[in-house]
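The chain below stands alone and is given as C-alpha cells, in the form predicted on its own.
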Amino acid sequence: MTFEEYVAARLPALLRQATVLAGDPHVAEDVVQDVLIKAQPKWARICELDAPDAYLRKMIVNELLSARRRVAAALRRERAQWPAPARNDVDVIVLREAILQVIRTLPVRQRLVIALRFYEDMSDADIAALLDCTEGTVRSQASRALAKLREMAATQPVLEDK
C-alpha cells in the first residue's frame, strides 16, 4: 500500500484518535499533519510492519507529549472558560462540551490515559507500552485523573447529577 493510499483510507481514523488524545480538534489536525510529514519519508519501512496504525499512533502520542505541545496546552487551559449553568434541561451538546472542558484541564499524561482507556478501550498493559511507562503508572494516572474529574464535576453546575 502506498503512503497516499494509506492516508486516504486512514486519515479520518487518525484524526479521531488524535482529537480524543489531544482534546482539541485543531491541535489534533496539527499533530496528525506533523506525524504524516515525519512518516512519509520512512513509509517503506513503516508499511512493512505488522501494524502501521500502531506505529503511527505511537508517533501521535510522542508528538502530543513533546514540550512544545505541553506549553501550548497549558496556555489553552488557562484561557478555558466554564460554560454557563443550564436552565431546566441540559442540552446534550452543552453537557458534552462541559465534560470536554473538564478533561482538557487534566495534565497531558492523565488525559492520554483516560482517552486511551475509555475511548480506545485499551488495556493498562497496552497503554503502558504505548506511553513507555509501567502499568502501575498507568493505573495511578487514571486514578488521579478520575478523582480530579469527580471533584471538578461536583463543583460544576452543568455536570452535577448527570
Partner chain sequence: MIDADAIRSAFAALADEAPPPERIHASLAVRARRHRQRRLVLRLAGAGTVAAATGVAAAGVWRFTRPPESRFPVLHAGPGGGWLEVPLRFRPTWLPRGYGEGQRGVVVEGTQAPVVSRGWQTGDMSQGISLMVGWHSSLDPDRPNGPLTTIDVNGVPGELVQVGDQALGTFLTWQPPGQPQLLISVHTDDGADAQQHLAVRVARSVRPDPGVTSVGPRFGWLPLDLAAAPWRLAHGFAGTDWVQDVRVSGTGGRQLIISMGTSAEMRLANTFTSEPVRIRDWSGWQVPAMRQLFLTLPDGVEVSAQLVDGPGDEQVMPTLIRIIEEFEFGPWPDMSWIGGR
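Residue numbers count along the first chain shown, from 1. Predicted, not measured: the structure shown is a model, and the values here were computed from it.
The protein also exists as the form predicted together with the partner chain; that form is not presented, and the subsequent description refers to it.
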property: Distance check, residue 1 to the partner chain in the predicted bound form, heavy atom within 4.5 Å; result: no
property: Residue 128, heavy atom within 4.5 angstroms of the partner chain in the predicted bound form; result: no
property: Any non-hydrogen atom of residue 141 within 4.5 angstroms of the partner chain in the predicted bound form; result: no
property: Residue 64, heavy atom within 4.5 angstroms of the partner chain in the predicted bound form; result: no
property: Residues from 30 to 54 in contact with the partner chain (non-hydrogen atom within 4.5 Å) in the predicted bound form; result: 32, 33, 36, 37, 38, 42, 45, 46, 49
